[in-house]
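Presented as structure tokens, the chain that follows is alone, the form predicted alone.
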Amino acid sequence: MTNKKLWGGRFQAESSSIMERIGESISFDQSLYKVDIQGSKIHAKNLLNIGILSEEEYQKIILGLEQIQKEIENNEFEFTPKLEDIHMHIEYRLTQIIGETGKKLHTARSRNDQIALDVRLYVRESISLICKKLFDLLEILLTKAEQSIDIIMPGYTHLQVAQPIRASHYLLSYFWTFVRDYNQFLFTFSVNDSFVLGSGALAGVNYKINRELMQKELNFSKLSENSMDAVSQRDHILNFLFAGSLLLMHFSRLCEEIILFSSVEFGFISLPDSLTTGSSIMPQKKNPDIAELIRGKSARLFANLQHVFVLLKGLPLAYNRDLQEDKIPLFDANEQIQISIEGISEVIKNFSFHPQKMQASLKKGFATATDLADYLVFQHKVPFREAHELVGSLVGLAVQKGKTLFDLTYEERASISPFFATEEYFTAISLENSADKKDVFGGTAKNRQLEQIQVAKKTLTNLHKIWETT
């Protein structure tokens, strides 16, 4: 391996050890090898079209690039910090394989626009995989919601039992959340979808390359309008990290509920053994580690987003070497996003509801007290403030007796108001009836849940069509 840098023509001394160690990026950007080769093939074709390469030279370069890709994928490629980054590794190895012709490949491009293209190709591929996994998650949620439509569970405000809802309503609330996350990644795809090669170091290049042709061959929807902007801005990375942070924040909230609801104190759900772990000292433990780990990964996404914001905030135009550091948070975020989607999908698919525990919590929390007040208003024309006070007194009596609204005797109910001493009383406090009274679009009534499921199915169909045309 030579110590001569591909950019070292004007230098008399070799780089110091610290310069090589602090300047290398091959330890992390080697994962860009496939998109770097993809971009180099298109660039070589463009060089052929403008007469820089002969047909024979072009074919040599293509075959050489394909050999390099096989070597990397077969773990036969030598990486060294002396060659700094993935671009120089590929160019150096290409010259080893095909000789002097390999040195022609870098004509009419800079590492500045080369890495800008590579990252956009990487982000595009990452979003494709993320959207595929998110779509699968949405289908899993929708299936689970359909299966859970007849289960009544507590809805909470302030983490206190508030009103009865259908379990499908709870699951669909996350369905619509993740639909917005999916759309956020689609927006990021559009921000990223700009072909930047041909921008050179910052001012464009001195060759009459056909940027439009390369753009079409790599399936970008538009050309970057300004070469300085193309090589120095990282809005597409920030958008990717924001979309990922938003998604992981939503995952974290769901995981917090999974952790709470699977505890002994709640007992609303249980996770299968395959998604839990035990304790090294306490044999009874069944820990929801998968939810805790995903909850923890949200912190990594937030830090990655902040990393790039701080990195960019003081940089003058155009390219600065600081920007080498943008890929570490990007690569990490992509990995964490994808594994978290897979984890959440498995949790949703495999956890089980325990309806009896949820109904007991609803009764203990007096979840239908508001329905009872409304019953007094509708059936007995009691002013709402008076109805509110009567029901409050009844709840107070139940608490004093250690009972629920369902357990109070006829005499106990009658002692507060004769309106509570009727058979209609039990209809008024029914958990299922309470849910079905919320008969508005987007509500938890069963007919509205069936309606919402149909809307969700149409949304999935539309998302699929949008992605097919993206």
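Every value quoted in this text rests on a predicted model; they were computed, and no experiment measured them. Residue indices: 1-based, along the sequence shown.
The protein also exists as the form predicted in complex with arginine (ARG); that form is not presented, and the subsequent description refers to it.
At least one heavy atom of Asn112 is located within 4.5 Å of arginine (ARG) in the predicted complex.
Under a 4.5 angstroms non-hydrogen atom cutoff, arginine (ARG) in the predicted complex has Arg321 among its neighbouring residues. Proximity of Asp436 to arginine (ARG) in the predicted complex: non-hydrogen atoms within 4.5 Å are absent; the residue sits far from the partner. Although the partner is absent here, Arg120 sits far enough away that none of its heavy atoms falls within 4.5 Å of arginine (ARG) in the predicted complex. Interface residue among Lys144, Arg295, Lys133, Lys327, judged by heavy atoms within 4.5 Å of arginine (ARG) in the predicted complex: Lys327. Of the candidate stretches 416-424, 24-32, 57-65, 437-445, only 24-32 has residues with heavy atoms within 4.5 Å of arginine (ARG) in the predicted complex. Contacts of stretch 68-96 with arginine (ARG) in the predicted complex, defined by any heavy atom lying within 4.5 Å, are made by Asp85, His87, listed in sequence order.
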